[in-house]
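For reference, the chain that follows is the form predicted on its own, supplied as structure tokens.
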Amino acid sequence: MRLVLKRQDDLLKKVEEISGENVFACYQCGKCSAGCPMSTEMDLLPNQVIRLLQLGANEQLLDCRTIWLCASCFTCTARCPKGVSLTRLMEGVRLVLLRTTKEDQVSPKEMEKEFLPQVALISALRKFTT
């Protein structure tokens, strides 16, 4: 599935607004990727997700599986020397993707199966219980 955003920086602006994080605070040290328990299953490493946001590579970012595989364990946040919460950024990307999907284009059953993996639900649960 591909989304076309009006401007290249629309995704970045929306994700930063939702997450409250500054994507450009990351200087790509890779500590988030080194500590991520899910990195072996991801098609992009966590620091690559931030880099794609920084570069405005929206299409590649929205097509990756990594944003759905993030376990929201906050290991990346704890390891980041700049205090960037990659967990919040991943959640922001997921929310932008879910909010821009037209309900009339996708049936509710397909949306549930394709866009609402359990990790997204667990992420929301952790966000509101920590």
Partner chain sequence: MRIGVFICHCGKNIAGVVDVKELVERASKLKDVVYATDYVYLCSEPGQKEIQEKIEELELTHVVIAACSPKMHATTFARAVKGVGLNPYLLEIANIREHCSWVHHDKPEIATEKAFRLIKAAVAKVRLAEPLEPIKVPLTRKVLVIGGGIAGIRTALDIANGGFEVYLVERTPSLGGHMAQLSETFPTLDCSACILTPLMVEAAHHKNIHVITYAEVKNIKGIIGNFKVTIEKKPRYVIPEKCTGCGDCMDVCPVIVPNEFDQGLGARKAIYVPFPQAVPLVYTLDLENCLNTQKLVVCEQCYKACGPRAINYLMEPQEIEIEVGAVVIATGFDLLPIENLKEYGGGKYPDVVTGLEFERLLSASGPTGGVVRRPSDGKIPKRVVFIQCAGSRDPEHGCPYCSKICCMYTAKQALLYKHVVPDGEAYVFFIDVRAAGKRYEEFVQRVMGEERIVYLRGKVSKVFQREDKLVVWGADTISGMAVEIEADMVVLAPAVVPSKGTADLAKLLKVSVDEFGFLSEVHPKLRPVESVSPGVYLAGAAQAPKDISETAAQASAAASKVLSLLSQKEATLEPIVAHVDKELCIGCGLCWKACPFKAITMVREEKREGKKRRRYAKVEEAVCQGCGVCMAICEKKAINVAGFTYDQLSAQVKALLEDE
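Here the structure is a predicted model, which means the values were calculated and not measured. Numbering follows the first chain given and starts at 1.
If you look for the form predicted in complex with the partner chain, you will not find it shown, but the lines that follow are about it.
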- Looking at the partner-bound form in the predicted bound form, is residue 39 within 4.5 Å of the partner chain by any heavy atom? yes
- Taking the shortest heavy atom distance, is residue 80 within 4.5 Å of the partner chain in the predicted bound form? yes
- Message: Even though the partner isn't displayed, in the predicted bound form is residue 58 close enough to the partner chain, meaning a heavy atom within 4.5 Å?
- Response: no
- Message: Given that the partner chain is not shown alongside this chain, does residue 45 nevertheless sit within 4.5 Å of it in the predicted bound form, heavy atom to heavy atom?
- Response: yes
- May I ask you to list the residues of 49 to 63 that have any heavy atom within 4.5 angstroms of the partner chain in the predicted bound form, in sequence order? none
